[in-house]
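Below are two forms of the same protein chain, given as structure tokens: structure 1, then structure 2.
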Structure 1
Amino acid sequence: MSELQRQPITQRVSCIVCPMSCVGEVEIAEGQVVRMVGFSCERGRAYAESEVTAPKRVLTTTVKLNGGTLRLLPVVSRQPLPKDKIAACVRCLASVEVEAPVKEGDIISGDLLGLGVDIVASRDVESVSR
């Protein structure tokens, strides 16, 4: 491990768990939380710890839809994804095309990038009757 990583770094975290919106600081060294200030409760401290060690986000975006009443299909990740993988996931989904009809919950991209999370349709779209 480099000298840089061993030095503790301080990160500012705005807690989103409740409307108090506490803003605190977390010090991490070697991937571990060593000090934490500014959070008013245990839930906030747990959030701050996960936010600096393994932040996750639910991804919502659209994919191209052919033959449907809409040109785009909104999709959602069934579970949160690692935050640093979001950009790669979006890039991967940019090349996905699906055919109508689609039902809400249909798997559009299973186990995306091997992260163990399915991307599913967030609504029904019927096909255009021709």
Structure 2
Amino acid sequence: MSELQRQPITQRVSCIVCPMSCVGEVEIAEGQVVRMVGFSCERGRAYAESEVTAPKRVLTTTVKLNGGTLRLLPVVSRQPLPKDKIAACVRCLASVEVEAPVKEGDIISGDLLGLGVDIVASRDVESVSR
């Protein structure tokens, strides 16, 4: 590790966990949080630490739906995914097709990319009567 990488870095983080929307600073040295100020709750501190060390996001997108009242099925990740894997997850889901009917919460893609996160339907879609 170079001397430059050992220097503490301060990042400003806006918390999105609760309506307080705290804005604080997190100081990182050698990949570890060494100081944190400005967050008023434990959830905010946990979010800030995660945001600077291993940011994650909930993925919401759509997949192709066959035989349903909609052409696309809205889906969501059951837990947040690593931010740097979101694009790969979207590319993977672009090839997924499901058959109607679908119920909210049905697993559409289990353990996506081996990340331990399921992609589930976020609404019911009935099949088209023929």
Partner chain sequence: MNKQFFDVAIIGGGPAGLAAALSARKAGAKQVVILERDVELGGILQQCIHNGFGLHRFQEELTGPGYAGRFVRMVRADTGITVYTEAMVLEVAKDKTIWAVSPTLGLIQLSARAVIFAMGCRERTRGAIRIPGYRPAGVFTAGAAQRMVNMEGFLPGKNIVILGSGDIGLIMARRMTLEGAKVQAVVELMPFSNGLTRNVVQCLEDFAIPLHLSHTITFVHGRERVTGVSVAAVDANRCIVPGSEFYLPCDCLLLSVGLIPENELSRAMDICLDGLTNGPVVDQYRQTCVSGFFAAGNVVHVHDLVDFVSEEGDIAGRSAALFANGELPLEKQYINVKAETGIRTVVPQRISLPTAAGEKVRLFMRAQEPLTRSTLTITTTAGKLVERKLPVAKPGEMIVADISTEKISPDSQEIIVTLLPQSLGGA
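By convention here, residues take numbers in order along the sequence of structure 1, the first being 1. If you superpose the two forms and keep the largest set of C-alpha atoms that fall within 1.5 Å, you have the rigid core. Please read these numbers as outputs of a predicted model, since none were measured by experiment.
Remark: the form predicted on its own is the source of structure 2; structure 1 originates elsewhere. Comparing the two forms between structures 1 and 2, the rotation angle of the smaller rigid part against the larger comes to 23°. A C-alpha shift of 2.6 Å is found for E49 between structures 1 and 2, based on superposition of the rigid core. On core superposition, V23 has its C-alpha offset by 5.6 angstrom between structures 1 and 2.
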